[in-house]
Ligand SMILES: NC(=O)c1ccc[n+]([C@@H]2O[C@H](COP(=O)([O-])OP(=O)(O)OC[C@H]3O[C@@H](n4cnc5c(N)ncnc54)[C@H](OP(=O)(O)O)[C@@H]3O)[C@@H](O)[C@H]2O)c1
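The chain that follows stands alone, in the form predicted on its own, written as structure tokens.
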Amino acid sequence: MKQAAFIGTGNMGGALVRAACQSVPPQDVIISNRTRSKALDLENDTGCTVAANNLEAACAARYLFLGVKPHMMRALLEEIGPVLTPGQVLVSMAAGLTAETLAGWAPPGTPILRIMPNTPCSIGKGMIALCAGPNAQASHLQAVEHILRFAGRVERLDEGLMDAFSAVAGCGPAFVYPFIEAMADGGVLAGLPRQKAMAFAAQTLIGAACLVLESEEHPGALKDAVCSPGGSTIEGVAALERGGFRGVVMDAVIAAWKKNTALGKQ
């Protein structure tokens, strides 16, 4: 059998296909998508194989990455369930659908895993949560970590924290982009050309984020290291505090988390 099949290769699924084809031989990856032209583009770009349909993809690989939307998942599992064999592993990308729910739609005994990727996976800089569901074994987690390693950082997480993870890492890029834009707008207001201001702001966030991860220093300590007494940086930090910056960001994460939990109950 091939190592990985991807059923549903939209923006996120397609990004993971590209990553998988760097981790394993492309000929060990088979894909299926409702819009066949998108699947053929991926085949041309990566060397993977396009299946004739979902059933062919489901029969062909050990790890089946299911990239359809949550409301389509039950129908997909009912479609491919009859052709699944012992030893195949289902990996769901669907937000809000618990592993227990998925197990109820899959053949009895099928190992279930869940992943939650974010959009920077498309450039290999993503953050992916991975959790084990019914019948999952350590070897299954290790295999998925290997397959997705070129998509970004893969972190194991308890399923009960997946909604919180999604609020931070899944929704987070949409919170960061307005901040980059606002930083650049401020630079333009101060006289910088627009293109340069945008590049300066984005690179500053990249550098600051990498410093947090690599130094393992608390962000507060790193902030303090930049703030000289009576200097311009502390003036800017004070302006952020007057605007309720940290509270607003926390509110955004909690609002997204509440929505995620609500979606899981529908």
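In this text, residue numbers run from 1 along the sequence as written. Nothing here was measured: the structure is a model prediction, and the numbers come from that model.
If you look for the form predicted in complex with this ligand, you will not find it shown, but the lines that follow are about it.
The partner is absent here, but in the model of the complex a heavy atom of Pro70, alone among Gly236, Gly47, Pro70, Pro219, sits within 4.5 Å of this ligand.
Only one of the listed residues (Ala151, Met116, Val144, Ile112) places a non-hydrogen atom within 4.5 angstroms of this ligand in the model of the complex, and that residue is Met116.
Residues Ile7, Arg34 and Lys38 are all found to lie within 4.5 Å of this ligand in the model of the complex, as judged by heavy atom distances.
This ligand is not drawn, but in the model of the complex it has a heavy atom within 4.5 Å of Ala95. Although the partner is absent from this view, Asn11 contacts this ligand in the model of the complex, with a non-hydrogen atom inside 4.5 angstroms. Across the options 87-95, 186-194, 153-161, 131-139, residues that bring heavy atoms within 4.5 Å of this ligand in the model of the complex belong to 87-95.
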